[in-house]
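Presented as structure tokens, the chain that follows is alone, the form predicted on its own.
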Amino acid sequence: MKAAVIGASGQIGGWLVHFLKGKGIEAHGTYAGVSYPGLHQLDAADHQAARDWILQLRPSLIFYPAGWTWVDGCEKDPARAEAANVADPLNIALAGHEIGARFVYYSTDYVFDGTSGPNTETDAPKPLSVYGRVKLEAERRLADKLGDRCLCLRTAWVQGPERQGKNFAYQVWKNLSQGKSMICPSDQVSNPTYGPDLAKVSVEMALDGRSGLWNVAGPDLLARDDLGRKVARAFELDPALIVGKTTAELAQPAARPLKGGLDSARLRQHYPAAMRSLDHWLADFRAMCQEPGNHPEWPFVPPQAS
């Protein structure tokens, strides 16, 4: 079996390749701007090139953790947001559909307005931002075109080890290690989700032939500043360097859901051990960052705090 991972240089994509290979699957990953050994350069915005690559490779599974996830950037440039999060993946999905491939897409809790979270798969979406709107559009268009060959996974606040070291947990570790404070929203609530867990269960679900819309998020629900303090304590750093401010005080360009998050009860019913608790994955994350030499089984060494 062959699998394609579009965006394998990112935090979910790198782990997808790792777990696919662990299942004995021939995994082919791509990158757009940041290259790593073993990955194929592919610009998903070049629709003809992307289509040709899929038709030549002929994978049975296509995972699409790529896209443009900068929420405020999407708000400022809706055309780019729509292209990167809807048109580009749809082009690749349709090419895969021609050869019978299944398609796995990653969406977000930002499809909801954050008034009654955590939300289930059956709750009515009501996005507040361009990012949430284009993600919802992609969900609907992919489901319409692919039917039961599409698996759409909504997730939230993906954290943990990855080669580029860009996510929030990394930023806390890096900044606080240097004695720098961080201002974080005190009223935005969601589920921190461990990237390796998300990737691993994604592979399992795809191989099981799952389809439709699923929530795949961590079991803990807390505010962003509280998450920052949790990360600080896990790394034995000063949690007082995390400064909480309300969303109104921060004046972010894109509206955020406040009482957000995802209810992953359906996932727990079928994959009960898939998503580790915050305390458990923070211990794993710290070990991976600070003790990489003791764990040669890890697929890559995360960047250091300095």
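No experiment lies behind these values; they were computed from the predicted model shown. Don't overthink the numbering: it's just position in the shown sequence, from 1.
Note that the form predicted together with a small molecule isn't included here; everything after this is about it.
In the predicted bound form, the small molecule sits within 4.5 Å of a heavy atom of residue 44. Within 4.5 Å of some heavy atom of the small molecule in the predicted bound form lies at least one heavy atom of residue 31. A residue is said to contact a partner when one of its heavy atoms sits within 4.5 Å of a partner heavy atom; residue 67 meets this definition for the small molecule in the predicted bound form. Interface membership of residue 129, defined by any non-hydrogen atom within 4.5 Å of the small molecule in the predicted bound form, is ruled out.
Taking a 4.5 Å heavy atom cutoff to the small molecule in the predicted bound form, the contact residue among 233, 180, 76, 166 is 166. The partner is absent here; in the predicted bound form, the one residue of 138, 172, 158, 111 having a heavy atom within 4.5 Å of the small molecule is 158.
Of the candidate stretches 263-271, 276-284, 44-52, 244-252, only 44-52 has residues whose heavy atoms lie within 4.5 Å of the small molecule in the predicted bound form.
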